[in-house]
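Form predicted on its own, single chain, as structure tokens, below.
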């Protein structure tokens, strides 16, 4: 009886963690695009002196970067699961990542200033469509590598059924045949495709882009250790930009974090 209650508790925890993630994901669209449904957005009137606001924003991004990368590393997972059930490990990672983003959204400080502002209607439509495509690509990429495993639901569901967890096979579905990291390519489009680039937005885009490029190196190091065939895949398929004039055959691929 206690074992079944524990399984239900872990499943409920995983489901709640996923719902918090999904709400945060949707809010991210409004935050970056300055949409009306988001009470706090990327841009706005500065509320603090420039250097104070800049320091707060950099600190918030650093907190997310450290949490997101540290908790994704195999060594941390091995240590962490001494106290956290392995079935709930991924859900805990997802929950902490969501909380780090909520912290960022709650205390983000606009800097003011304008880098560019495209007033041409066609240009704004193209950039808006690119922004939307970026978000669609992010979601699509998670589906290709098993959305429910990536965000912990598969783990807690198998635990609820009493079925041992099995690692996913190494594959290159869909866009993973064109680039190794379509999910990160989508994030780049989300961060940079904007008709109005403020100093605040530029700071956010530059720092998150640097983080993504660094995170790719860490993830690929882990993938090479876990999947020797990833070396061939990496040599055949470009990292972020598809090759013009055809695509290479690949052995397999998936995001690590």
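Numbering follows the first chain given and starts at 1. The shown structure was predicted, so the numbers you read here are calculated from the model rather than taken from an experiment.
One more form of this protein exists, namely the form predicted together with a small molecule; it is left out here, but the text below deals with it.
Undergrad: Based on heavy atom distances of at most 4.5 Å to the small molecule in the model of the complex, which listed stretch, 49-57, 215-223, 192-200, 34-42, is the contact stretch?
TA: In the other structure, the partner sits against 215-223.
Undergrad: Heavy atom within 4.5 Å of the small molecule in the model of the complex: which of 84, 127, 160, 150?
TA: If I apply the 4.5 Å criterion carefully, the residue I get is 150.
Undergrad: Could you spot which one of 105, 135, 170, 96 gets a heavy atom to within 4.5 Å of the small molecule in the model of the complex?
TA: So the residue touching the small molecule in the model of the complex, by this definition, is 170.
Undergrad: Looking at the partner-bound form in the model of the complex, is residue 88 within 4.5 Å of the small molecule by any heavy atom?
TA: Close contact is absent here: in the model of the complex, residue 88 is far from the small molecule, nothing within 4.5 Å, heavy atoms only.
Undergrad: With the partner left out here, check for me: in the model of the complex, does some heavy atom of residue 110 sit within 4.5 Å of the small molecule?
TA: Residue 110: no contact with the small molecule in the model of the complex.
Undergrad: Would you classify residue 183 as touching the small molecule in the model of the complex, given a 4.5 Å non-hydrogen atom cut-off?
TA: The answer is yes: residue 183 has a heavy atom within 4.5 Å of the small molecule.
Undergrad: Can you tell me if residue 178 lies within 4.5 angstroms of the small molecule in the model of the complex, counting non-hydrogen atoms only?
TA: Contact with the small molecule, no.
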